[in-house]
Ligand code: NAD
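This document starts with one chain, in the form predicted alone, laid out as structure tokens.
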């Protein structure tokens, strides 16, 4: 009998460069791909001068576009038209997950024909990309999403009140350039929400029904590092070692989720992020301990021999720092972490109990929900929202 955990198909960025100070190599790396770049970026921060100098030294002509907020389809399509007109050879993205996802979507939609909606999941046809996107150099400036090594872009469609994915192995960035020193000036609240997103993205793939022996390696490394460094990064923002471990953990999460899926936390995050103006990381942070608790109750009640229960026990040992920790101590550790980081409840973002039914229906359609270790009932999904409210 084949052990399914030892069967996998692993895909990631063509090249990953990691290390403090590595962003100085941006220009040299871009020059290997072309001489004209579109640079999609967050608002200028202290490190932008270094990146500009690096591009200039490499004789890269570029135009920088400041991108703020969620990657809304209409804004992405505006950039697609600019790409078609200006014909850059490479796209550089510096920012969090929203910026990197925007860049990946622009790189794909600028060269693939037809209606962009044809390629989107849930609201579209999920049509496969026929043309390789423009090469993307992804330079994350938060330790959160792992988008620099994932094959999808999460896109917001306000008219549908949902976030959906544009997904293809072709969308993996050409180069992931991870410089932890770029995160040293992140404020505590952003450190907390993005850091909890990173933690979610190493926990969910580990207990996922698609977990495999290869992604387990990334999950363990990411969980251990984030568990010991997130509080330090939150309270001591300029602690470089903590920032390096958080950036590494985030990278591990991107590698894991792209190849083993996620779970109910991200299943809920899709409709919640589309319906309310709430940071993705903050949603994940609030939901993570609650989803773990409800998943454990469901597994113990309906499938007490499920292998995920053993994984939750191992997870608890990594979080608590003691291999004999039981599953509930792991959940309690996550709950205490959320308190320490000041993670707000869902109602602080305008969620009302009357919204629960539509949120649940949206969550059940989300692709992430399919990888949850056990199929949750409507009552259990309601419990999650009630406890996170």
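Positions refer to the first chain, counted from 1. In this text, all values refer to a predicted model and were calculated from it rather than measured experimentally.
This next part talks about the form predicted together with nicotinamide-adenine-dinucleotide (NAD), which is not shown.
Exercise. Is the gap between residue 356 and nicotinamide-adenine-dinucleotide (NAD) in the predicted bound form 4.5 Å or less for some heavy atom pair?
Worked result: Residue 356: no contact with nicotinamide-adenine-dinucleotide (NAD) in the predicted bound form.
Exercise. Is there any non-hydrogen atom of residue 68 lying within 4.5 Å of nicotinamide-adenine-dinucleotide (NAD) in the predicted bound form?
Worked result: Although nicotinamide-adenine-dinucleotide (NAD) is absent here, residue 68 would touch it in the predicted bound form, with heavy atoms inside 4.5 Å.
Problem set entry | Contact of residue 177 with nicotinamide-adenine-dinucleotide (NAD) in the predicted bound form (heavy atom, 4.5 Å) | Residue-level check for residue 177: no, no contact with nicotinamide-adenine-dinucleotide (NAD).
Exercise. Going by a heavy atom distance of 4.5 Å, is residue 197 a contact of nicotinamide-adenine-dinucleotide (NAD) in the predicted bound form?
Worked result: Yes, residue 197 lies within 4.5 Å of nicotinamide-adenine-dinucleotide (NAD) in the predicted bound form.
For this session: Answer with one of 88, 135, 271, 96: the residue that has a non-hydrogen atom within 4.5 Å of nicotinamide-adenine-dinucleotide (NAD) in the predicted bound form.
Result: By the 4.5 Å criterion, the partner-contacting residue is 96.
For this session: Check each of 338, 58, 325, 42 and return the one that places a heavy atom within 4.5 angstroms of nicotinamide-adenine-dinucleotide (NAD) in the predicted bound form.
Result: After the contact test, the surviving option is 42.
Exercise. Pick from 214-222, 227-235, 285-293, 183-191: which stretch has non-hydrogen atoms within 4.5 Å of nicotinamide-adenine-dinucleotide (NAD) in the predicted bound form?
Worked result: Looking at the other structure, the answer is 183-191.
For this session: May I ask you to list the residues of 123-162 that have any heavy atom within 4.5 angstroms of nicotinamide-adenine-dinucleotide (NAD) in the predicted bound form, in sequence order?
Result: Result: 141, 142, 145, 147, 150, 152, 153, 154.
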